[in-house]
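Only one chain is shown below, in structure tokens, and it's the form predicted alone.
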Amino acid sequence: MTGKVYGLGLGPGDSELVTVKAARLIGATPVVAYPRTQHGDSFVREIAAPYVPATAIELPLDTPMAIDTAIAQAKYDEHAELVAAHLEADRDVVLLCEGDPFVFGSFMYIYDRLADRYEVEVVPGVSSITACAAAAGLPLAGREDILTILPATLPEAVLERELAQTSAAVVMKIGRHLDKVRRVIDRLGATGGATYVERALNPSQRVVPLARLTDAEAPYFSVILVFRDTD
């Protein structure tokens, strides 16, 4: 017998947006695993705090924000084996994920490493995509609108090409790419229809029209919503 692993989406930052199912599983599962920065911080652990019982075995997974793909892949290998050790001991594991596990979530890499060996269940959560739209009070798409989701890490020319073809876009993972994204949106004449959202639905949330944003840098957990008239 081996344990089962659950990938739990916990939403973008508000503990009250955790689903009933995710809250139940956190409280009933013996091992609670979660990503942790090199400084020992874990935003997703903060989200889950009201639901983690004192009896839980906590498994922090140190996750450096490495640009080097080889370093990141080696870390995912390590994390998968740490989780697997508990599964082999017949202990179920919940792995906490910010937002939704399968929307730009690191859980998908653990899933790839474990799904062919163990029983895995994915519990969806509120994605930062819809959270940012709610925070800004901006419906994302309707009728024949095309919604495009783009990582800010794309090369500038690719980002511009994709934005030029859509009526509504969510540009994620802004971070150090803020200037590049702003240049592209300016060239497309879409700055007036763009809104910057930082830490959506968190107490430190910021929502600012891109045209009024004076920051030179942005945190990783920030998004720009772009709406264009494509007629």
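Position 1 is the first residue in the sequence shown; the rest follow in order. Values in this document were obtained by computation on a predicted structure and should not be read as measured data.
Keep in mind that the form predicted together with a further copy of the same chain is not shown, yet the notes after this line are about it.
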{"property": "a further copy of the same chain in the predicted bound form: contacted by all of Thr19, Leu150 and Pro155, heavy atom 4.5 Å", "result": "yes"}
{"property": "Contact test in the predicted bound form: Arg36 vs a further copy of the same chain, heavy atoms, 4.5 Å", "result": "no"}
{"property": "Ile146, heavy atom within 4.5 angstroms of a further copy of the same chain in the predicted bound form", "result": "yes"}
{"property": "Exercise: Ala84 in contact with a further copy of the same chain in the predicted bound form, heavy atom 4.5 Å", "result": "no"}
{"property": "Ala80 within 4.5 Å of a further copy of the same chain in the predicted bound form, heavy atoms", "result": "no"}
